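Next up is one chain by itself, shown in structure tokens, the form predicted alone.
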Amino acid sequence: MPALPADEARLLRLVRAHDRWRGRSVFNLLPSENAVSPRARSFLSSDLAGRYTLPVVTQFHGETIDNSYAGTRYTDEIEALGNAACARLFRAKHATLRPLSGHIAAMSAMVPLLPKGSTILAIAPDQGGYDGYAPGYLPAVFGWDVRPLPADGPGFSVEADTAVAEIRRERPTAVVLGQSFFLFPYPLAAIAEATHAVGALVFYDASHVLGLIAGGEFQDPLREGADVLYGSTHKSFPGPQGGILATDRTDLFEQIDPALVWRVFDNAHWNRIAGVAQTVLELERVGPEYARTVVKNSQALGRALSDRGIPLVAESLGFTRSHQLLLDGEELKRRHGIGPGALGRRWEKQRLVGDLAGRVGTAEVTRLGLVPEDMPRLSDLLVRAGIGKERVAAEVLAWRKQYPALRFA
């Protein structure tokens, strides 16, 4: 076999090295990532990767056609199967797997429903909110006025009375819920009631907690009053990178769905849709046990870290009800003379991959098979590597090798 050109050979080495490193040699504690099942991963490299389908009725050369492409009989069925499974999983009347990411899912929901000049309330980044909803980003692109919805409770939680008062004062066009630092459910019923009373919509960005919601944990947004639920599919939801959108409101979906093609995107990447559909089907089988174990692992790890002197926020509330824990950065510096970023870099050198912003996630280690009884051992490694500056990489690797396959898949 002839040798590969230099750059192709280097690229191959880099991809294989990444697969060994991140896929088999570390414990991943990033709350924004998860492990994709082998079957879902295989769909990403299927023939679907280079194919199109465009099931939109249009006129071409005076002829009415319902798809610009031939050869899509299986592609269209794959999408229909995935959409139906997604609707079942979230107990929604309508769902689509077409959004390419959580951010694109937000655009897919909001752009058709919010005209230019709309006012939205969203949690500010300095209170744990998603930067994409900040004034310089999505609102600036689409001509919306964004104002802060206070999240000043423990761990950037939202208090019902404060939120309701702000909604009544601002009378927005929409309230957007969802955070990057996301520990506790919202008082959604109260927020939805106040929002609907002023004629506004409730969008629930579940990007971080979508897998927990799929498993019946955290909260049930569509039953509690959200008009549209959406989010990314690679955080607590353990699929390939992409997005999901679901709603019970036919009137809203009839505005959203036709606006996806040629407005928000064109090709929705049907290999990705197949991979996400596979993950949806997996969660129909194992989602409840997976979601329960994620939350239990988070709470057990929080207690174990706290017992070993690592300060976390919201200890009095049990640390979290999601897949995330949040380090108390100021107290960490006071006690140990180190911030979350430097701590994360120490962990990384010892095969413990974490968040440099102070978050610790349990979704992927749960997917591997770790249970609450393992959390004291994990916390011990984190403390020894991060505070004690010990070399624990060999211990981590030996333990990681005990999980060659995913438990929840």
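So that there is no doubt, residue numbering starts at 1 and follows the sequence shown. Small disclaimer: the values here were computed from a predicted structure and weren't measured.
What comes next is about the form predicted together with a small molecule, which is not displayed.
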Next item on the list: Identify which of S108, Q179, Q278, T247 has a heavy atom within 4.5 Å of the small molecule in the predicted bound form; exactly one of them does.
Entry: Q179
Check: Considering the small molecule in the predicted bound form, which of N297, S101, S157, N271 comes within 4.5 Å of it through any heavy atom?
Finding: S101
Check: Does T96 reach the small molecule in the predicted bound form if we count a contact as any heavy atom within 4.5 Å?
Finding: no
Next item on the list: Verify the contact flag for Y130: yes if a non-hydrogen atom of it lies within 4.5 Å of a non-hydrogen atom of the small molecule in the predicted bound form, no if not.
Entry: yes
Margin query: When the contact criterion is heavy atoms within 4.5 Å, does S232 count as touching the small molecule in the predicted bound form?
Written below: yes
Check: Going by a heavy atom distance of 4.5 Å, is S207 a contact of the small molecule in the predicted bound form?
Finding: yes
Checklist line | Partner-facing stretch of 299-307, 233-241, 79-87, 159-167, counted where any non-hydrogen atom is within 4.5 angstroms of the small molecule in the predicted bound form | finding: 233-241
